[in-house]
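Here you get one chain, nothing else, as structure tokens; it is the form predicted on its own.
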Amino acid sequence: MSNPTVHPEHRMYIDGQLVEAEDGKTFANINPATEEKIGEVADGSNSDMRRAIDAARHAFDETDWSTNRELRKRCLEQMQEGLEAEREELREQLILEAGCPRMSTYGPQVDWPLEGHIRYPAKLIDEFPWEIEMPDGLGNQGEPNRRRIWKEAIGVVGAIVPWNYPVEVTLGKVAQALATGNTVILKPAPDTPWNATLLGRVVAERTDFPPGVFNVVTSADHLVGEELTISPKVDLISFTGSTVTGKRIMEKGAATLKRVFLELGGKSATIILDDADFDTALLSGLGACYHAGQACALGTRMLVPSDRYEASAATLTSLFENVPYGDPQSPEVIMGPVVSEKQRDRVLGYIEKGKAEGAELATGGGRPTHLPKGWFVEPTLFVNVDNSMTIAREEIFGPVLCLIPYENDDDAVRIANDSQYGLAGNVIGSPDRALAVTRRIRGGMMSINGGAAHGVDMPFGGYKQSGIGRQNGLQGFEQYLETKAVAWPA
């Protein structure tokens, strides 16, 4: 596996300056496909984070950023142009630090977010109804009143980003928060810091952002991000990651009644109805292997009719045994390594748990012998899975699919909804019947026969313990805004 030449930015971006950590410390960025160090990045401390928070607070309170829509639009357009100029650098860095397959960077990892995640909220700056005129009403003494509803920025936003789709999630958070007039501190995951520091460099060198409006703090310590959660100077936390961490953010933020947007875990079900084209429908099971299963909305439970179960299991076993995986630099690979040794051991632990609880391992389940280096896990299929088993209930975040039988449509809906999560789902079958089943699934994003329920103008998020709020779309834009009711005598 070869590493292309890249030019990463190792510094943080705080208060308009590219800076080292206050104490000069750095931490290593590791390539998960080779286990080799590919570079260093500033290891920010709690003190560095507090500097960034103070800068963002000052920029919101003391500048006209929150009210100057023309400035916001110009800065976002400059950010877009700067990232376009760095597109290939960003692509190569992301493959190296995230281990994502090259093919995925031409889709959701890089190219898709660069096409719309900044342009859409920048466009909304002109189109959004910032002031809504209401019908005249009566005042306390019966006098006629003019009435308006104003939409205003919340304030300082802490954006905490995961390692699986860092560019997509970062731009989805940062662009909407900035477009609505907030100031932002971005805290990337320690596993994938370079894409965030590259964005900081773009803002520093190619835009007119006022100092403090946008900040990037990298750190090997996850708890440095907790400064954002506990600080009374931060008004909203926009977090994507595990449900466990989301609960901690809610708990720690309660002291300041902090607003939270939480996009959390999933254990989504793909329901194949008995009138589906099974040869095509079963191919969707390979989605559990895409980017090594490291995506919250993937269908990691597949539900098939019990009278088609054995044939479906045989077909899926063959498909999983032929998944193209390995070197993420290879253009034909759909699955690289998981992001870290810790994550690999976590996935393997779940696989052992599945076997111990009685699920049958149809294929995979270990470390591939032909890839001695890198944090790889074999594409893994479990059959004879009961929905009560741990592997069917908890988010594994690895290339593992659970095949579960059902008796009829009611049973399929029951199994799909029998989960703490409610992020996404898929239904495959005749259109009217699939639509009827979909209406009964408690999930925030549903695909019918391969439809794509995502995009910059579509709200992304889930029910139940899959989170609070939505990212993207008009719904995502509005969650970064306060609502002010105003009236005065006519």
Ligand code: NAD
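The first residue of the shown sequence is 1; numbering continues from there. What you are looking at is a predicted structure, and each value in this text was computed from that prediction instead of being measured.
There is also a form predicted in complex with ligand NAD; it is not shown, and the following applies to it.
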Check all three, Ala189, Glu263 and Lys342, heavy atom within 4.5 Å of ligand NAD in the predicted complex: yes
Heavy atom within 4.5 Å of ligand NAD in the predicted complex, from candidates Pro162, Gly374, Gly287, Pro113, belongs to Pro162
Listed residue that, although ligand NAD is not shown, lies within 4.5 Å of it in the predicted complex (heavy atoms), from Glu86, Asp409, Glu92, Glu226: Glu226
With the partner left out here, check for me: in the predicted complex, does some heavy atom of Met389 sit within 4.5 Å of ligand NAD? no
With a 4.5 Å heavy atom cut-off, would you call Thr245 a contact of ligand NAD in the predicted complex? yes
Hey, in the predicted complex, is Phe214 touching ligand NAD, heavy atoms inside 4.5 Å? no
Although ligand NAD is absent from this view, report whether Glu395 comes within 4.5 Å of it in the predicted complex, heavy atoms only. yes
Spot the stretch among 299-307, 379-387, 358-366, 216-224 with residues whose non-hydrogen atoms come within 4.5 Å of ligand NAD in the predicted complex. 216-224
